[in-house]
Each structure stands twice: as structure tokens, then as C-alpha cells.
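Next up, C-alpha cells for two forms of one chain, structure 1 and then structure 2.
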Structure 1
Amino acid sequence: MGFRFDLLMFMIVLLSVPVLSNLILSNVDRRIDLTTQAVRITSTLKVENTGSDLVSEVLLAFPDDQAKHLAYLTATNNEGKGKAKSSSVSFPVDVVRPKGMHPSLTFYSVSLPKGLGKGASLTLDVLAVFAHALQPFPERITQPDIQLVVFNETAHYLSPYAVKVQSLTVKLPDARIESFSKIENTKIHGSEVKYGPYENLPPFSYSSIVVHFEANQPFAIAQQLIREIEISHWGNVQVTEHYNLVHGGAQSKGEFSRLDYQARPHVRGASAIRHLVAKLPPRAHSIYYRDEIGNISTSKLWGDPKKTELVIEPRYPMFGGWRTAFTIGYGLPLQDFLFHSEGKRYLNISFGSPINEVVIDTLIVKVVLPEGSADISVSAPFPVKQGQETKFSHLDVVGRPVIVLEKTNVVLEHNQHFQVYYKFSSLSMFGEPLMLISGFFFLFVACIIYMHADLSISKSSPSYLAKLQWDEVQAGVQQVRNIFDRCLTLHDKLEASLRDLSRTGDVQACKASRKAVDGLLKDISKDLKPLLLSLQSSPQAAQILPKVEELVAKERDLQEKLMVKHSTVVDSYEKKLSGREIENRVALQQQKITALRQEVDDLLDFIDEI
């Protein structure tokens, strides 16, 4: 009901649009190709000037609902059957807003370079390619269901000019048609539906038709494709293409059975995307195909001197609404794509994707030029959005200029060559190698200087002398520390002799041990005197000397207390006193010895920390 209402309103709009009467279309032959997801409408228009004024343009009209899906539009001069197709002249086509026309119509102007005089005629071939013009119906299907789509069009050619004779042919993928509009002069022949001929149609004549048919071809849509083309003057052009792909057909519902798919893939997955074919340039090399997980091995590559084909299979068959992302990359010989003209270099390479069956919603082409490129310009066969950015790579100083070209609704017809012109000095090619050589050279020179240079501090400097003095102090303190370790060892030996006395009662052996220890302590005292004199004479020892002197005093006091204790115990044994009486006699002395031993240990720890 909503579609009928929109159609009624559109017909009312057409009746209110003014008529352009200078031109008439004596014959219109339209052919609509629905065999792929991109709808291609080829119209052959024989234009006649019935007015008296020279006409320099021909207007093409499209409803806004149709114009928003228009991806590609071109008009060429039809030279006749005897002329080569390649010799046809393409005319400029621009969007215009004629006065008095309703805003629900979009007009394109085909400029005629010579103009069309009174009574003259001209035959135009107009090719219009539409993306997303086929709508799945039903919108959701299960795995074994076939995919049906709907296409809306007018059986009468929508034009601001009167049409004498016109016909329409709709070519479908196969003869299985669900339904189609049956109006006057409608015929069906195999996979083609023919409307017309219709005669003497007024301007803006419109007769809606709907074709509902089976279309199991995959609807591969790249929501975004980023192509990065990097030029290296050392002989290579590296191309990297990042795809975000979605199946734009009828949405898949229900469960997916891989067993059923493997058993009957053409029945249980007729509309699924099983593989894609990328047609690469003939001498492409170093080709890879991977995704976020890693390399995808389900691909086949073959080529000959004329072409290279890469057949890529996703990790899983893609049904309606399913998505995937992957990257393909390859290298190309520089001499096949980079040329010289008028003092400039220019890259001549194709714009679109090498996968012909993909419709691209947004295509971003990045051309990375060598560092130092200047005076950059772009020549494209169709309008594109241009920008520039900078990319930094290894050994770059100011970065590499990157030309960014962006276009929406990209189809197979956009896969044409474009050119990027720039100036580049051949001497700049040696910048990075020289930078690398210089870097290694200076590194080796620095290593040689480091190995042969004397980086030690001067022996006459105050800091060096102070360091020597401090080293001497540290050596002296270490010797003092070793002497006190020997003293403490002798103290322990003296205590051990008392324990042996309590066990054996041998007084003479105990006296001999004390005499030996006393002699050794006197020798150690002689060794200590020159070390103390050395520390006292050194300014660097001012911080540690008080502690060393205190340590010497405490150790001597400890020696005296130990000797007194030893004499008391030996004398008590000679007098045959009991063990408890001996302990009572030396209890006070033992307390003082323990306290002194703790103080000596604390001083030694402090000296060690310094």
C-alpha cells in the first residue's frame, strides 16, 4: 500500500514538471542486466533537434530513490555498427538543477562539444550502473532456501523529452522467475522479459514494473576497502588491500549445517559466497592472503604472460549477513607502472578492486610516494575525494607523502587507470643508503675511540688523590678488622680452655693455654700500632677513626676482664673450691665480659657499614 501511494505521488510530481520541447527521442532501446548484484542499464538514445536553436546538452532524468544508488554513469557517441566500439567518444556528464524541475528528480547533463543544429540527430549510448538496487524478498531465508530479489523500474523511459518509439529488455540470471509486471506488449523469452515497443510517449512518461526473480549469485559487498600502493624506486610497487566484506543478500536464519553444505553445496548453500577471484596484473609476485589469525591456505594461484588469477576461499562459506575481514598483498614490477613525462614521473595503475564481483561501499586508495617527492598532482577518470597525509617508515626523516583518494559506491566500471604525477630527484634515492652507511661508520669510529681512549681520572686531580686516600683508609680499616677478628678468636680459645679445665681438672694445661694466648695478643697489639698511626695521619679517616679508637679501648678492656676471670677460675681450682663457689666468684666479671663483647660486636658492625 505504501509503494502504491509513493508511486501515485511520483506520478503527480511528473504531471507538474515543465516540458523541454527542443529535443525529441525518436528511438529509445533500453537493456537492463540483472545477472549480477550491480544493475547495469544500457540505453541507446537517438536524439533529434526539432527546434530552431543550437542544442549543446542532453538531459538525463532519474528519480531520487534511484539516483542515490547510482554508482557509474557515462554517455558515449554511437558511431554505428560499422565503427569500432573503442573509437566511441565519451561526453562529459555533470549533475545539474534545471529551473522549474521538481526536486524529487535528479538530472544529469550530457555536454555535446559540437552542438546539435536544427533537424540534426545524434545517437547516444548511456550506461548507468546502480549499487544496492536489488532488494532481497523475502529478507530472511534458511540455508536450503533459494534467494529471491525484487527490482523496480519503469517500462517507459523517464525523460524530459517526448519519445516516439521505445522498448525495454530485462535480462535475468536464469529463466526461473517468481513474478513480473504484465502490461501492454509484454513478452517473456527464456531469461529475458521484454516490454514494448511503445510509441508516442509524452515527456516524463512513467509506468512502474516489478520483477521478482531468483538470484543465487553471491552479493559480495566490501563495506570498506583500503588499497595501499607503495612506490619504491628500487624496482617494486607494493600493493596491500584490506577488505571488510559482508554478504549483502537475504539474511540467513536458523542453524547452519556444515554436513548438509558439504554434501550438497549448490543446494544447501546456493547463495553462499564460496570463493572470490582476484584478477591481478600479469607479473604480480610475492602474493599473500591472510586475516587476523594468520595466513589462509585455502587459495589457488595460477597465471600466464597475460594475467594472474588468485582464487581465494574464506575460512567458512558466507551466507546472507555474514562478515569477514582479510588482506591480500602482492608486488609489481616498477617498470610496468611508473613512467616519465615532461620532467615528471607518474604512476599509472588501476583504481578499483581486482575482485570484479565485489561492490564497494567505500574505497580508499592510498598512494605512498618516496620521501622527497614534490609537485604532486592526480588525474582520475571520474570524480574522487582527494587528501594528503604523511607516513613514516624506516630511515625516514620528514616522512613519505601519501595521496589519499576516496570514493563511494564503486563497481567494476571504476576499475580504470588513474595517474599520480610527481617530481623526484634521482640523487634522493641514495639518501637512505648513505644514512645507513654513515651510521655504521660513526658507530665503528666511536668504538675505536672508546677502545683506545684513556677514560680514567687524572692522577694529579684532587678527586683522584682523594679517592686514593680513601682506598688506603678502607684497606687500613680492613686490616684492623682482620686483627680484631683474630683477637676475638683468641678470646674464644681462652674461654675454651676454662671449659676443658672444668671437664679434666688439668690446671697446668689451662695455665699454658693462657700463657700462649697472652703472647699472641701482645704480638697482635704490636701489629695494630702502625695501622692506628696510619689512620690518625689520614684526613679521610676522620669520620671512622673515633670508632676505631673506641673499638681498641673496648677490646683491651675485654682482654683484661677475660684474663682476670681466667686467673680467678684457675686459682679456685687450685684451692679445691666447688663449682657453685667458682660461679659466684666470677658472676660479676662474666656480666661485664658479656656487655663488653656486645659493644665490641656493635662497633665492628658499624665499621663494616662505613
Structure 2
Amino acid sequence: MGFRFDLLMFMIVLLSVPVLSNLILSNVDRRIDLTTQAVRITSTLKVENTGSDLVSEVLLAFPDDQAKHLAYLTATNNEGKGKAKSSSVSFPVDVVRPKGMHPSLTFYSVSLPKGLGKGASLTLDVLAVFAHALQPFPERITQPDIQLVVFNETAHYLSPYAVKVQSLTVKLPDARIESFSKIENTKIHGSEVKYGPYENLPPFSYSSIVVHFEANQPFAIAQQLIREIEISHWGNVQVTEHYNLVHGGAQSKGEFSRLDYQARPHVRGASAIRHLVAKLPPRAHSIYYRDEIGNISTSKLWGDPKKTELVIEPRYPMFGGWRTAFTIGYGLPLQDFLFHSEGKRYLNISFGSPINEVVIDTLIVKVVLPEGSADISVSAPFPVKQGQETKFSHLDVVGRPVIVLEKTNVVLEHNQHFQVYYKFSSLSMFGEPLMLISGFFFLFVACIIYMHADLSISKSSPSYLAKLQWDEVQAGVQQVRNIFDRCLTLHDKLEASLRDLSRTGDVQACKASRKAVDGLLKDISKDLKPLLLSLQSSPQAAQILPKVEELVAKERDLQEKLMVKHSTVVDSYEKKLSGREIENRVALQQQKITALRQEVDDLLDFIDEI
């Protein structure tokens, strides 16, 4: 409460300050709305020029400690009553530091474009919104306690001009009022406290009042909110909002009992933040609500063509002083927010958070434009700090330009649209897919080249030659092996013909087949000769050659034995010997054949392993 005494002190000092101009306020009507955590003061000022000069600006004064919480200030021209608000014109408002004024006051000057002539009057509607103007008192409460806040104001309108008639209405939430300053002409009417009317007060008159009342609405304060708006010309505007939320009301102390909270949630823990409502634009899609440890499962979503409403619950009910952090993300259709004008594109999207009840200490809006955007400019309805950075995302070469807008003390009134103008050629949209395609293309081309190129360094090095020779030898061996396979199948055929013989007794057919096989085998041995010669000539084949030669010899042996057996069998058939006799005659041969066959197989196996 210390500063109140300060103010009282300097109020006396202020009285000696000379009157700034000839303006007087003939009527001041103020309404202070304390039902939400952001304090809204609507003042209707009737300004009269009593001097002779044209006045082009009206000064509004706020004490410094109020001014630092000032989030939003507009002055609109209210021409007569009953007119729609849309017709009102808002005047530019600037901070000024007039000379000779007390340093602990901050002045805002409302410029009147037309000026105010002699004797003329004008009605101004001034809306000032303050964040953090409500102080919890007591500052620390336990879970069952109710949250009380105090609010300081002056009952007399603080102005550099003399005020003829003024009144003040303080609208409180529908709850208990602990106390309020009673000065002259104080009335209470339901949840409204009325001060005034007061008449003929000099400039800089100040009369401190304090209202102490129950306010159980949650004080959701985002200490930092980063909104990242990323434009993709493929049809999407992706909005990602990182909240760093704290309950800014009275700090909770002592135990937290889930039992009490669950049994009587509106008594024990009345001021806790249970849920927040985010009013997203219509046709928002791919909405998510998560924090650093994953999806938060307590959220609900309603959508209709006019709006999308996302009700989010923090992971835990938030009591005074508790913190949390989470991220909301959603995609918006591009055509709703991106427009063309005069050869430029512009993004038209709301500035503030979609969660209305949140007061934001620091809001950082980052607009990520597509790579290759140029000629960027921003138009915002209120002053913001601007910056620019670059963001690298997938497949970016030069990075995407990012417009960074920063604003402190953001309240609901800041939910206005702002525009980012930029130039972007539609063709550069295809840059990244083309990059991918060409990347893969060159990869495959490189692979093809690699496969076809002979990368050996020296064509005459011994190891290279040896490798070539070895390849030759292997090819040769493979051929030999194929030939032997053919041989073996021919042998099988001979055997088959014998079996046929025993079944049908057709000797002639059998003989014919033997002849055919014989011929084929001769052909094969002819084929074999050059191969063997080439193998003999190659030094690499030295170790295989004996095996191959052995194989050839064995095979020839086998072939002869088979022929002999065949002819014996055929002979015996011609002599009409009995089956048993035939078997006896060929038994010995058969044994040899099987043994030889086995050896040949083994040799072939060996060659295979090579």
C-alpha cells in the first residue's frame, strides 16, 4: 500500500503544476470492469476547448505503476449517443513526455486529426486494459481458502485538465466484497460500487480508493507464448503455440488434498484452473495438444462451420503459483488466410492467443514464410517489436525467412488480425520436390556408372591378371561341369532304356537308344577336348587339373562299363535268358558302376566347391 501514500504526496505537488492548455473535461464517466483478471477501464470524456487556439491533442495521464501494466489503450470518437460503434473512428495514441510534468506519470497523447476549435467539444471513448492490476491479498492461501484480490484506483479522474463533473462505477464479480474505500458519495448497488458524482475538480486531483473482493476466476497467465505460424503453399497454415502457463492468483500453500478437491471441487480449490477454452478458427484440422512428455489425453473438441472449440485441461488442476507448459498445434486451410493483392501475397491472421481468458506477459509471433519469399513487410494494428530470423527445415537451402513479432502484456483486445506481405513465386514451390527427384536420379546414375566402370587401377598388375585368369578357369570348370551333367543324364537315359526293355522287351528300341546315346556321348567328348586343353594351358588351373583329369578318366571308365552292361543285358534279352540270369551276369558290372558313379559324384562335388 506504500505507493498510495506516494501518490497522495505527489498529488499535492501536482496541484502546483501549471495548467497545460485550455481544455477542460466537462464530463467524465468511467466504468471499471473487474470481473476478469484483465482490468478494463472505459472512460467517456467530454472534452471542451475553452481557449482560443486550435487544439490537436488530448493528453491522458496514468501513474507509472499503472502504466507499466497497461496492455491496451484506444481512444475512439463517440459522436452522439445511440450510434453504432463501427462508425466511431479511433485516434492515434502515442506516448509523450510533456515538459514540466511530474516524472512518475506517463502521458499518452490522443491526436485529433481535425483539431478542436474554440468552444468546440468532442466525446472520446477511451478503453484502457491493464494486466496484473489485481493483486491477490492475502498473497498465500490454503486449498480451502477463497481467493481475495485488491484493486487500487483513484476516485477522481487523474487528468492534466480540470474536470467539471465525473463519476466512477466499479463492476465486481458476483461474489463477496470484502471491503471498499468509503469516501463521499459512495454507493453500493449489487455488485457495483459507485463513486461520485464529483464536481469541479482541479487538474491532477487524486483520491485513492481500494476495493478488496473475492475473485475466484482463475488467473491464467502465460508467461511466454510463442506462436509459430508456418505457411506452406501446398495448402496449409500450421500454427503451433507453446504456452508457459502459471496460475497468477494467490499462491497456494500447505497441503493439496485430492480428496477435498474431488469431494467439493467448487469449495476446496475454487480458484484452480480446471480447463481452458481455445476458440480456434473454423475448419481447423490436425489439432493436437501435448507437452514434452507426450499427448495430454484430457481435451475435448467441438467443431461446427463457424468455429472450432477446443477445451483443454492441464494435466493437473492448477492452483495458485502452479505452473505448466504445453503445446497446441493445428492446421488451417491456406485459402482462408492467404490472399493476393497488387502482385503480393499477404497472410491475414489473428495476433493473440485463441484462449481468451489468458493474459500473456510476452507474446512472440513467428511467421515462417516459404523459402524464397522476398520483399517482406508487416502491418499490425498496434505497435509491436519486429525482428527477422531464418529457420531451416527439411530440404532448405537458404532457409526460410521468419518474421518475429514480440509484444508484452497481451490481452483479449489484441486478438486482431495482422498482415504479412511478401512476394513468392509459385514455381519455387516445386524446388524441393525437384531437388529430391534429382538427388535420387543422380544417386541411381552414380550406381549405374559404378556398376559399369572398371575401377581397377592397373590393368597389368599380377593380381588383376590372376583374377582374370581365375575367372576364366572358373568359367571353364563350369562348362566342364555342365558337360558332365549332360553325360550323367545320358547315363540315366541308358539305364532308363534298360528298364523299358525289361518292361516291354523291345530290343530294337533299346538298341536304337543306345546308338543315339553313344553318338551323343561322342559329341560330348569332342566338346570336352578344347576345354581340357584350355584348362591345361592355364597356370591357375594347376590345382584343379588333376581332379578334372581324374574325373574325365573315371567318367570314361563309367561310360564303358555302362555300355558293356547295356550290351550284356541286350544280348541276354536277345538270347531270351531269364531275368535272374541277366541279373547275375550284370551284378558284378553293376557293382563297379555304382562305385564309379559314387566316385564321379564325389569329384563333381569337389569341383562344385571350387
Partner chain sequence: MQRVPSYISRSVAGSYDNEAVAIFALIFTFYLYIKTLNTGSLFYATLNAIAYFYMVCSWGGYTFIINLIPMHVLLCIVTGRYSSRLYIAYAPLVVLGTLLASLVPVVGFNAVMTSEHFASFLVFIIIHVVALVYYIKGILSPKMFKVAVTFVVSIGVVVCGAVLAVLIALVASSPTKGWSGRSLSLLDPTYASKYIPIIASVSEHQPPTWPSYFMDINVLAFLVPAGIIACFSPLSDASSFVILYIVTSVYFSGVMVRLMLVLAPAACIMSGIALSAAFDVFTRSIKFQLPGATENSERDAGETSSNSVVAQNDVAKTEKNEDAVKERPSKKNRKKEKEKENVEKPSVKSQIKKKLLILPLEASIIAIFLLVLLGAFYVVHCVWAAAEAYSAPSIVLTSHSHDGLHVFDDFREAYAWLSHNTEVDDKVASWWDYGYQTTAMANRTVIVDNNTWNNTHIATVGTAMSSPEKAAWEIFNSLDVKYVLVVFGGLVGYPSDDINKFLWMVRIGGGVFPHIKEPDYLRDGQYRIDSQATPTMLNCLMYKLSYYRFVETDGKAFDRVRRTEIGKKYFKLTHFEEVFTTHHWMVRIYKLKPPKNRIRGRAKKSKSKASSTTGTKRIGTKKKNPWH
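All residue numbers here follow the sequence of structure 1, with the first residue given the number 1. Basically, rigid core = biggest C-alpha set you can superpose within 1.5 Å across the two forms. What you are looking at is a predicted structure, and each value in this text was computed from that prediction instead of being measured.
Here, the chain labelled structure 1 is taken from the form predicted on its own. When two forms of a protein are overlaid on their rigid core, residues whose CA moves 2 Å or more are considered shifted, and residue 551 is one of them between the two structures. Remark: with the core as the superposition reference, the CA shift of residue 422 between the two structures stays below 2 Å. Once the rigid core is overlaid between the two structures, residue 248 does not reach a Cα shift of 2 Å, moving by less than that. For residue 505, the Cα shift between the two structures is 63.6 Å when the rigid core is held fixed in the overlay.
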